[in-house]
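Shown next as structure tokens: one chain only, the form predicted on its own.
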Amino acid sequence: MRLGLVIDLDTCVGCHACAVACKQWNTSGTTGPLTDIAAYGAEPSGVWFNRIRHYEVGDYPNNKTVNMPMSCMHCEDADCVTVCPTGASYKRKEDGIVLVDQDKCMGCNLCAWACPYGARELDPVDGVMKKCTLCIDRIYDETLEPEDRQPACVITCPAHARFFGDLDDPDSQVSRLTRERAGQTLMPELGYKPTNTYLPPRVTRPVPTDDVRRKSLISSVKEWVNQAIVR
């Protein structure tokens, strides 16, 4: 079993609900409090497991804003695990989730330097490394209803842009979406074999380059009427 996330970049609206839900759940869960820095100041910061990047792709008027959530990729060949001198970073054999044993972590930052995705956060108060756990304390909690045994970010997403499941199961929803939408992983050339997969934005119809404001009112009305009649 290889548990992970599939994220639809065509649907994500960049609302940061997933990041907030992640921080709230993990602060109250097994990871413990996630430090805030100047939470009510001009430049608030702190420990976040999920961060959303915003990119502008293409040239106007054929441009598009792409919102890209970033968290731990739970790589199959995770260098963050390889470089850890204390064995605090480890990968579970049963489901592929990469975790940090905070009792063993000495906060040396080697794993953060090894991660090309910037997915690890050193908690300055606790002095240990923290990261996405795929809400392991939720997904295996049998006291929850089956539909609630998902990461907090997936349940919270208002645009339904996030999916969770077993990417080793060809019949799972995440595997089907990956096939149908040609899902891609980040920087596969590095050989880390990340599990989390992104569905690329769909190709949309080009925006007309002519400026409708240059048309006279009567010509615009005639054009609209002609189109309406055709339909």
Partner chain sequence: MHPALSVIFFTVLSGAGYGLFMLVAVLHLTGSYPDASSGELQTQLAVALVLITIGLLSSSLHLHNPRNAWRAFMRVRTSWLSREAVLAVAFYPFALWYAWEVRATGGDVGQAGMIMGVIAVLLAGLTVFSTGMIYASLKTIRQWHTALTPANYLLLGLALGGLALVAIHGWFVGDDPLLGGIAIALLVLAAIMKGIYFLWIREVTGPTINTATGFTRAPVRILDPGHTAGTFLTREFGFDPGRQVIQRARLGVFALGFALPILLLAWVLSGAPAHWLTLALISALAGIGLERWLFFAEARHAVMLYHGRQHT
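Here the structure is a predicted model, which means the values were calculated and not measured. Residue numbers count along the first chain shown, from 1.
One more form of this protein, predicted together with its partner chain, exists but is not displayed; see below.
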query: Non-hydrogen atom contact L190 with its partner chain in the predicted bound form at 4.5 angstroms; finding: yes
query: Heavy atom of R120 within 4.5 Å of its partner chain in the predicted bound form; finding: yes
query: Interface membership of C115, its partner chain in the predicted bound form, 4.5 Å heavy atom rule; finding: yes
query: Partner contact for R51 in the predicted bound form: its partner chain, 4.5 angstroms, heavy atom; finding: yes
query: Residues within 4.5 Å of its partner chain in the predicted bound form, restricted to 17 to 50 and counted by heavy atom; finding: E43, P44, S45
